[in-house]
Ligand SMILES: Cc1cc2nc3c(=O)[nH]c(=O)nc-3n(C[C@H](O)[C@H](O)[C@H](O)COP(=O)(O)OP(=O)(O)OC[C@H]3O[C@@H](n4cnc5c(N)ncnc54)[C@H](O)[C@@H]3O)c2cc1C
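Shown next as structure tokens: one chain only, the form predicted alone.
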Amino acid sequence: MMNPVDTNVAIVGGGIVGISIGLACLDRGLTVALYDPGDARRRASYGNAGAISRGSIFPVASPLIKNGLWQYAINRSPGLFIDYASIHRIWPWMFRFLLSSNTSAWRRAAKMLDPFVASAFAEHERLASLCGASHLLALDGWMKLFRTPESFAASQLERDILGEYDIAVDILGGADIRALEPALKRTFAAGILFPQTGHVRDPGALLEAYETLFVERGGRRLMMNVDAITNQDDGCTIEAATPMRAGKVVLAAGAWSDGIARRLGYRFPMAAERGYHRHFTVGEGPKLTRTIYDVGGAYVAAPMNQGIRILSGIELAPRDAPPRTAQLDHAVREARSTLDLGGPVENEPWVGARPSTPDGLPIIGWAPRHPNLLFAFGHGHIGLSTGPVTGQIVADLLIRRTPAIPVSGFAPDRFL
């Protein structure tokens, strides 16, 4: 005889992926409980650039990595810092990452990610309209800027692949860039405008609006950590301060998913890609109207409700290591040469960790050895963008419906 369950679905993780899964499950008539530690600032979706990019079909493992490999290896590039004291913890990830840094792997990833990101902005628009948060979204595009003709020429393969998937890009000269963004003081040789890309002006506020919608629609939020997940033939038990029996469990805890998965016997080659940001007041004169990525300066600048958000490069370090702000300090110096920035808004910078897989693809699918457990993590730099899309996919899998978007390339067993 089956034991009764307290909820059809229990979700471990309260970031954009977890809350989106919860909303999609409620839409399908399932009862949902969501376990969330409650620290909004530690979520990767809280601290990113807010871009919902149609062009985000490329993993970080790029064939261009080899051009700067020596600089990356000796920590001479502002775009990447490796904490060698913890190298033993990320070596499985790094080994597979280097194996994936080739043109054929890049093209395979683009083919799988294209349908995944194609509907991202539309899904956000749908959810935001339901919770009165449409004012936080804008379809204003973003710009990738190059300081030299040589660095622009190196983006040819990227532009070719984008064209193969009919992703709109506008090639900009220096005069075009100045006309579009008079706030830029620096002269750039060339740029790429992604006109189909949306922007979230306050990712934290958007997630709060989705959380409110989840509770209003009958979802149950439990603000606590999960100690363990136990799988039985007829469901799972969540061990926490408030334990629960669930028919199915979804592990969607971002950079914290790896530790929980390991306790269940799954050793994924995961890394925490740490990033930093800080907001600055806007100076006099023209205002920045869209997100920019200064390739040569290794920083991103995004206009937010709180001010101009300056974001650093990638730091490969333990998730909870003490902050190391050298990359952000570099980013701020470079950004001040490009934009008229005032003083910092916060006393301390934000630091968070993206859950990164070596091939740049998320892990979405049923756990091979636990039939009532489903994985949904490892979204890297596109978690905020594709959270609502992941929600639709996972909810369909839970009710044994074939998702509208192919997910075979995201299967967990590709690493196992």
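All of these numbers come straight from a predicted model, not from anything done at the bench. Start at 1 and count along the sequence shown; that's the residue number.
What comes next is about the form predicted together with this ligand, which is not displayed.
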Is residue 311 a contact residue for this ligand in the model of the complex, using a 4.5 Å heavy atom cut-off? yes
Answer yes if any heavy atom of residue 332 is within 4.5 Å of a heavy atom of this ligand in the model of the complex; otherwise answer no. no
Would you check, heavy atoms only and a 4.5 Å threshold, whether residue 357 touches this ligand in the model of the complex? no
Please check if residue 366 has a heavy atom lying within 4.5 Å of any heavy atom of this ligand in the model of the complex. no
So, a 4.5 angstroms cut-off on heavy atom distances: do all three of 12, 36 and 381 pass it with respect to this ligand in the model of the complex? yes
Region of this chain that lies against this ligand in the model of the complex, out of 357-365, 384-392, 57-65, 24-32 [heavy atom, 4.5 Å]: 384-392
The single option of 139, 224, 171, 321 touching this ligand in the model of the complex, heavy atom within 4.5 Å: 224
Any residue of 38-54 with a heavy atom within 4.5 Å of this ligand in the model of the complex counts; write them all down in order. 42, 43, 44, 45, 47, 48, 49, 50, 51
